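One chain is shown next in structure tokens, namely the form predicted on its own.
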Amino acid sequence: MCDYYRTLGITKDATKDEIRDAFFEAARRYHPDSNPDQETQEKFLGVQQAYEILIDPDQREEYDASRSMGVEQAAVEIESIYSSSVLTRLDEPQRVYTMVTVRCAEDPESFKRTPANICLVVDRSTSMKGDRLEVVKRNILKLFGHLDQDDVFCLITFNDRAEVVIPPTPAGNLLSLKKMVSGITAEGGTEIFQGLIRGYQTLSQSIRSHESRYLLLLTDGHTYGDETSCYSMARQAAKEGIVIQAMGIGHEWNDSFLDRLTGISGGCAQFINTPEDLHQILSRQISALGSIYAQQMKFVFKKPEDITVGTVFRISPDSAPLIAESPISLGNLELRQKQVLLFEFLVPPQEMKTRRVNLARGEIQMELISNGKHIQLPCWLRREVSDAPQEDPPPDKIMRAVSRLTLYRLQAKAHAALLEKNVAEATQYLQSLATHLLSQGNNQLARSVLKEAEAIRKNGEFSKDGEKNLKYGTRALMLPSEIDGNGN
């Protein structure tokens, strides 16, 4: 948790005048006009946040109370930056974007790795037959070598029923089970719930404490009629700290379904287009298992009824849209990673008649995986209201994030227009997307967009892999390397 008193260089019994004087001094030192480098800008934003909390009696009281309960002992910091320093009192709605960063400040040297429990649920329906299934089996065998000795691994396959191929087994004993993987064959239909429920049951029966639990789903097709059951199971999994991650192979899988399914537990869905994609994603997910600091992380909040949460998008560690209602499941907090969330709020005119607008008031909750301790960190998202318009430009990070979100939305609008058989409108959205991409230097993705626009104009539909290439290509623009200004 941030020490706002230390940020401003004041004592805990500082008066309002002392807080104000310390802020003005720090603001002069770190203001972007005088120090344009990124590190100094972030310090300036930290000073602003500290001042906003401590100068307000209600917020200062809550902050002090959270410190007295020992919350500051958790190695977690929360920072918020906004697209507007103030809201202007107008007779029209206003959009406010807020970027919330939750980071672990634990010393890596003192961190002790906790074991992981991984259940891989693999689609073996008829459509997986041939090279596709062989690639999956080869990558499962490679996976064995990346697991720690204390990890437990389980493999389940499914078509219209589920089968446990490898029961929960310590990683050190997996090499003797290679033949079990080699014997997997493809046949039958696709009922994802069959695989999910068996995987969930396996993980929920684990009696080991202080372990991270993952259900990794790999599929290439649609499921029909059991979506509601899948969502219900995902909600139960989220309550137990089981994170569901999904990997879709090829172009026929239902990305909307998997986005919602994984979002319920704080996971995400990813697009597998090549064998290399599968290897990289599995390797990255397994490498993260040894650095889980907290699990069951979620943002529980309340907001005024007439304020709308338009979008919640996770930027880091994986970019993905989240379900914009409380509680928002965030999955696990990794030691060397940070969770970065972008919120979009629509504020109606009546809310701006007050001195301050509470966008969302709540707390970040999580369970420390080392000892099972539950912690709650206050997280209030609010803005002052003024008759004078905002003079300072929005922070660069917010500008880049909103710009990338706009690109992601353009491809979504093209998809929606095509569902309505409106080819001209879909083409127009894609041409606009390509123009924006070219202006930002994303030439390769822009060429892919223009290629899809031409395919739609000629055939009235995306090319074979076109829709998912654009969706996940624009989603990748929301990754930290892009938002922090290190991308193309």
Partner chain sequence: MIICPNCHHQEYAGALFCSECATQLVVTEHVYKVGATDIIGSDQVEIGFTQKRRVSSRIGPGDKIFLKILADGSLVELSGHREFTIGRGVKGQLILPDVDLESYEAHALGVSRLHAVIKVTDTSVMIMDLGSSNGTFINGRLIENHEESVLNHGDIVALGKLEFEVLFDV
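A quick note: this is a predicted structure, and the numbers were derived from the prediction, not measured. Residue numbers count along the first chain shown, from 1.
What comes next is about the form predicted in complex with the partner chain, which does not appear here.
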Can any non-hydrogen atom of residue 384 be found within 4.5 angstroms of the partner chain in the predicted bound form? no
Although the partner chain is absent from this view, report whether residue 429 comes within 4.5 Å of it in the predicted bound form, heavy atoms only. yes
In the predicted bound form, does residue 60 have a heavy atom within 4.5 Å of the partner chain? no
Might residue 92 be said to contact the partner chain in the predicted bound form, defining contact as any heavy atom within 4.5 Å? yes
Heavy atom within 4.5 Å of the partner chain in the predicted bound form: which of 145, 393, 130, 389? 393
Picking from 81, 76, 407, 203, the single residue whose non-hydrogen atoms come within 4.5 angstroms of the partner chain in the predicted bound form is 407
Would the partner chain in the predicted bound form be within 4.5 angstroms of a non-hydrogen atom of every residue among 346, 403 and 436? yes
Among the candidate stretches 261-269, 209-217, 84-92, 161-169, which one is within 4.5 Å of the partner chain in the predicted bound form when only heavy atoms are counted? 84-92
